[in-house]
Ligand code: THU
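Only one chain is given next, in structure tokens, and it is the form predicted alone.
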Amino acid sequence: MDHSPLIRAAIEARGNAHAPYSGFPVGAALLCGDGSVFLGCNVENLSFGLTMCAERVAIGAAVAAGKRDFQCLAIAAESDEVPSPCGACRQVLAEFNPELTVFSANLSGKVERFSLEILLPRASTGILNRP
């Protein structure tokens, strides 16, 4: 799979971020099974716990459009290393596809590919998954 268009879309979405507190704008592009792509960017809030990560904004847009078949996610930010989804985003992504492929890119062109299974092992194990 050529991940370049998805990464470019994440970089473009990053430009819409509202990140006045961290100064760390992030963009996300979520590819669905039918080929549709949903964008997200982080939306910060003075009450930092209310901040929405780019990944979850993209997921919300996809779900609002009736999509659930998530195949791949690209995220992009300006950093020395590639960014990584936070734990909350990992868990929300696993709700839909625990085997999701994640491409993380920085603006210098470094890209790394991750499996959500590696980023969040045993995602479905918990209080709702008991005998």
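Here the structure is a predicted model, which is why all the values come from computation and not from measurement. When you see a residue number, it is the position in the sequence shown, counting from 1.
The next section is about a form of this same protein that is not shown, the form predicted together with ligand THU.
Transferred by C-alpha superposition from where it sits in the predicted complex, ligand THU keeps all its atoms beyond 2.4 Å of the backbone and C-beta atoms, leaving the site open.
In terms of contact with ligand THU in the predicted complex, the residue from Ser84, Ser36, Gln71, Ser79 that brings a heavy atom within 4.5 Å is Ser84. In the predicted complex, none of the heavy atoms of Ala62 sits within 4.5 Å of a heavy atom of ligand THU. The closest non-hydrogen atom of Ala105 lies beyond 4.5 Å of ligand THU in the predicted complex. Interface membership of Val26, defined by any non-hydrogen atom within 4.5 Å of ligand THU in the predicted complex, is confirmed. Under a 4.5 angstroms non-hydrogen atom cutoff, ligand THU in the predicted complex lacks Leu30 among its neighbouring residues.
Residues Asn42, Glu44, Thr51, Cys53, Ala54, Glu55 are the ones in 36-64 with at least one heavy atom within 4.5 Å of ligand THU in the predicted complex, listed in sequence order.
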